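Okay, so here's just one chain, in structure tokens, the form predicted alone.
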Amino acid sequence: MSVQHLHIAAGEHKHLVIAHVSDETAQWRITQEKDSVLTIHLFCLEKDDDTTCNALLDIEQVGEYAETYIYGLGVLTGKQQINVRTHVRHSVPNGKSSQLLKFAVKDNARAEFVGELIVAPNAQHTDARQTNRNVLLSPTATMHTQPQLEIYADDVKCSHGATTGQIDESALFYMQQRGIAPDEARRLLLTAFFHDVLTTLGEQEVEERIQRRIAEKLQ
């Protein structure tokens, strides 16, 4: 297991992209000072259908007005597994964090997400959100999600939510009625599913490259 330590200085903006974490755990321990901004993009789009992706993000805001943004997506096929754990701790007032992670799971693949969000007693005026959305593309696919929200301050805005379901059959039927082949319809629906994660990249070329990899995984 490799552990990466990162300290983000006051006012610093840092963008971290985590990908290709097969068969080992990518563990990050990060602290943020005042007015710092951290953006993390996590991708699991491995080609080998028998790999395991593990990622552990341990982040603490130690300075006021720090901002943390975590975005992630994964497409799992074959016997792939993904285990993602986020631990975000607001230790001081006026912090902001947002997490959005989405996974599509197919065949006999298995995904797990554990999200821990902690607001300390003195971390008033915290604005923290956590969202996990998942799609199962096969009856044998498995998804486990465990959002955990611990709030010890009373003047905060915090929310979390997690959903797991199948692809929208009514939308699929509607598209097929208009001459779109089933495989293409599914690809378009999943592209739309991941859209709000991909647009946070801010670079169209990178977004298109990720979209191509998603399409390859689903073929």
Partner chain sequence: MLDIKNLHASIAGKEILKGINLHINAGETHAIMGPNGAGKSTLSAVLAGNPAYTVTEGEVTFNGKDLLSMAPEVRAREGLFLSFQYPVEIPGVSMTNFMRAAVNAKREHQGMPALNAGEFLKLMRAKRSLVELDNKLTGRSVNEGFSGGEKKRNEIFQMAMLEPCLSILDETDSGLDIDALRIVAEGVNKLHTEENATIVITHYQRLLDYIVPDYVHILADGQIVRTGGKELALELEEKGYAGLMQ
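These numbers come from a predicted model, not from an experiment. Residue numbers count along the first chain shown, from 1.
This next part talks about the form predicted in complex with its partner chain, which is not shown.
Although the partner is absent from this view, E184 contacts its partner chain in the predicted bound form, with a non-hydrogen atom inside 4.5 angstroms. In the predicted bound form, its partner chain sits within 4.5 Å of a heavy atom of F173. The closest heavy atom approach of C158 to its partner chain in the predicted bound form falls outside 4.5 Å. Put simply, L45 is far from its partner chain in the predicted bound form: not one heavy atom of it is within 4.5 Å. Residue in contact with its partner chain in the predicted bound form (any heavy atom within 4.5 Å), chosen from V62, L188, V37, L56: L188. Of the listed positions (A153, A162, I180, A26), a single one reaches within 4.5 angstroms of its partner chain by any non-hydrogen atom in the predicted bound form, namely I180.
Only one of 28-36, 45-53, 164-172, 63-71 places residue heavy atoms within 4.5 angstroms of its partner chain in the predicted bound form, namely 164-172.
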